[in-house]
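The chain that follows stands alone, in the form predicted on its own, written as structure tokens.
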């Protein structure tokens, strides 16, 4: 059976990693059987999560993983026209190569409170001393990556404004549809869900989160997908006394 290696579940969401959440959501949307094993990037191929082992195949990077899933199991995009496939790819690039970095800034740099939440979620499984050292090293590396991307060279209000344009674009493209291309999910939906839930439905506070929550169609979209594909994570109704 296919094995998905990713961070442990936390925050009541599928995964704190945008890319892990994207990959697992594709697996669930496509109805592919798999099992999950918790891992850390330190021991992963290419030093990143997620990665999969499928028989004698080991693959890292969500893009290559989903390409493999499309080829070997089920292609959620097989009904899209060439033009729709092109636009789908463009929107995924907007999400993964721009919006993502603003959310990383929110977690790793924006406020100390956010950093402490992020640190505990990622490194809390390690012994205290190792946790502090690993967190310090990775925080330095990721802050350098944010700066190298370019978005980290701006002031926080400018970073969030740029990302709000992404939120506007996604909200307009989704409109009142169930999924981005209608009534059936595609790879774009796996990506959008994985990144939006890690923007607007996680305990990382920022003006970007508030703005995303103001887009009711996006907030409802995230809630619908979580309820359908991760019913075990849906909030339980409160018990009432008699």
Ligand SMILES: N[C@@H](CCC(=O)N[C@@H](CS)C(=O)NCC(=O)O)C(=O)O
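Positions refer to the first chain, counted from 1. Here the structure is a predicted model, which means the values were calculated and not measured.
The protein also exists as the form predicted together with the ligand; that form is not presented, and the subsequent description refers to it.
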Checking 207, 47, 203, 182 against the ligand in the model of the complex, the residue with a non-hydrogen atom inside 4.5 angstroms turns out to be 47
Would you kindly say which of 142, 164, 151, 91 lies with a heavy atom within 4.5 Å of the ligand in the model of the complex? 142
Complete contact of 7, 19 and 138 with the ligand in the model of the complex (any heavy atom, 4.5 Å): yes
Heavy atoms, 4.5 Å, the ligand in the model of the complex: which of 211-219, 185-193, 171-179, 48-56 makes the cut? Say which one. 48-56
Taking heavy atoms only, is residue 67 within 4.5 angstroms of the ligand in the model of the complex? no
Proximity of residue 62 to the ligand in the model of the complex, heavy atoms at 4.5 Å: yes
Residues from 192-224 in contact with the ligand (non-hydrogen atom within 4.5 Å) in the model of the complex: none
